[in-house]
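Let's start with one chain on its own, the form predicted alone, as structure tokens.
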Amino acid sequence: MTLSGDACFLLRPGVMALLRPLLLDVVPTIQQTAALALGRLANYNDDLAEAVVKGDILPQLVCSLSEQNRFYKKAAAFVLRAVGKHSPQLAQAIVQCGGLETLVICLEDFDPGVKEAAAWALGYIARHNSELSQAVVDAGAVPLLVLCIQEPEIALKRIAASTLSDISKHSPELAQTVVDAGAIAHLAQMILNPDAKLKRQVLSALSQIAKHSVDLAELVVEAEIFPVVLTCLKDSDEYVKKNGATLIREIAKHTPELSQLIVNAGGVAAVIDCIGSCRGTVRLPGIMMLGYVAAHSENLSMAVIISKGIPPLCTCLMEENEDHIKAAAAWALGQVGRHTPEHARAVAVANVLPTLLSMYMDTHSSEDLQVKTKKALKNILQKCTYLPALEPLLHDAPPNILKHIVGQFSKVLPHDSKARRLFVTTGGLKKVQEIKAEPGSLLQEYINTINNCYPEEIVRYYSPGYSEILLERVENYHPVL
């Protein structure tokens, strides 16, 4: 961010030194205004925030924070938040001058606005990394934040929930600290709160707890969030939808049992509806949740198929512009189709295999999209025995994909006379003869198996160059007169 002329002026040596004495002015309004001005400067960019730190202003703010009135406390907490948000180094400067302990004292203040300002500053410090988050925990913030989410003020609830989310996200141990303070039950009760911004933060906090381990995910589930959380997937607020789907995803990914519980609660159908009703990144956690559920077992994958999960996943693959969303949809389809021929057929009949192949071969596709589409194709093709869906791929697939396609034909054709006949009439056998395979390779073995399903003269007839041989024989033929 470029500095304005005024901000550049304020970076000159001595300017912060001029502002600093105003924090000690005898007139409270001047003190508050000076603190507010410093906060706005520090909020502007990291250069100005660093200037506040180098001006030795933080110790003075921290020292007077617990003694002043509520207006000053809010302004001082704003300065700490504005400084701490930019980088772990600037947040560490607040820790070193004793800022955390003072902010935690403010969480016990009578005024909800002071609590809110303090919680906000603590969240901005905790979000950087696990060390800073642990410092916030060690200062005793978590039990007081859990009390804050029980206060009647919506704004305070939001910030407290957000800060608990920022603390929980880094490690299972930090999340466990939040759980041990009794946060889950209070957060779970607020899932149905009419305030959308609060619901966003509550769902985020529960997601950050549930993501780390099976035990933590089970504790979230035991707070009876199902089927209540499914209502969030129909919310008019896009972020509530997204965070609700993220929470379900973080639970589903751990074990088949947790995924089964979600299926039983109607979660798969609800997520599928959600994917169909929104666009862009809001879809992403829902797409991944279906992939996680399908990955666990044949039965859970079939639950996704029965709930009509394949069409919306195909739509996401074809409609979305962002490669990372397409990659997630490709991955999820691969998880659905990888179990048995029945699963693979369910994906194949949606006519998605050519799309996966073209995205894999498209040089404009991101590396991640190419990796995911290749893996999905391989997963599905290795199980797919539905030949009509495979045959179009024979003409376009590169050798590394082609071997999986030809391999499936080599498994089915020896046992299916109708398929053998169809393979000739649709041009499949001719195409196989045109494939140049390395002698002794797996692909060559598959081709030999297919050729052995037909009389030798049929194979010769469809081999490249055979028509020229016939014409040559015509030319060289001398009829008996």
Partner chain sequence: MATLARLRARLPALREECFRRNGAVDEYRKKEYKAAVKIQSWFRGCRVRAYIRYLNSVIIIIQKWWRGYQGRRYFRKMVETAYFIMKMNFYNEMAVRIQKRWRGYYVRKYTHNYYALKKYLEAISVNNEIVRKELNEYAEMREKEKKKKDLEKKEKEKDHQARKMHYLLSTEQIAGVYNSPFRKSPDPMELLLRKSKPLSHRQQPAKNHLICDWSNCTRSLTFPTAQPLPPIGRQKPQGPFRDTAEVLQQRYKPLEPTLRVAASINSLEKAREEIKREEWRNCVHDNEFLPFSSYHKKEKYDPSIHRSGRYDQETYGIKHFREVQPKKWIADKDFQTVLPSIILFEKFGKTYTRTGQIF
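Predicted model only: the values in this text are computed from it and were never measured. Residue numbers count along the first chain shown, from 1.
Although not depicted, the form predicted together with the partner chain is the subject of the following passage.
A heavy atom within 4.5 Å of the partner chain in the predicted complex is found for one listed residue only; from 314, 265, 394, 217, this is 265. Of the residues given (260, 408, 365, 355), 260 alone sits with a heavy atom within 4.5 Å of the partner chain in the predicted complex. Every residue in the set 230, 269 and 303 has a non-hydrogen atom no more than 4.5 Å from the partner chain in the predicted complex. Here the chain stands alone, but in the predicted complex its contact with the partner chain, taken as any heavy atom within 4.5 Å, falls in 133-141 among 244-252, 133-141, 113-121, 345-353. Though the partner is left out of this view, residue 152 does not reach within 4.5 Å of the partner chain in the predicted complex, counting heavy atoms only. Taking non-hydrogen atoms only, residue 320 never approaches the partner chain to within 4.5 angstroms in the predicted complex. The closest heavy atom approach of residue 199 to the partner chain in the predicted complex falls within 4.5 Å. Contact annotation for residue 234: at least one heavy atom lies within 4.5 Å of the partner chain in the predicted complex.
In the predicted complex, 177, 194, 199 are the residues of 172-200 with at least one heavy atom within 4.5 Å of the partner chain, listed from first to last.
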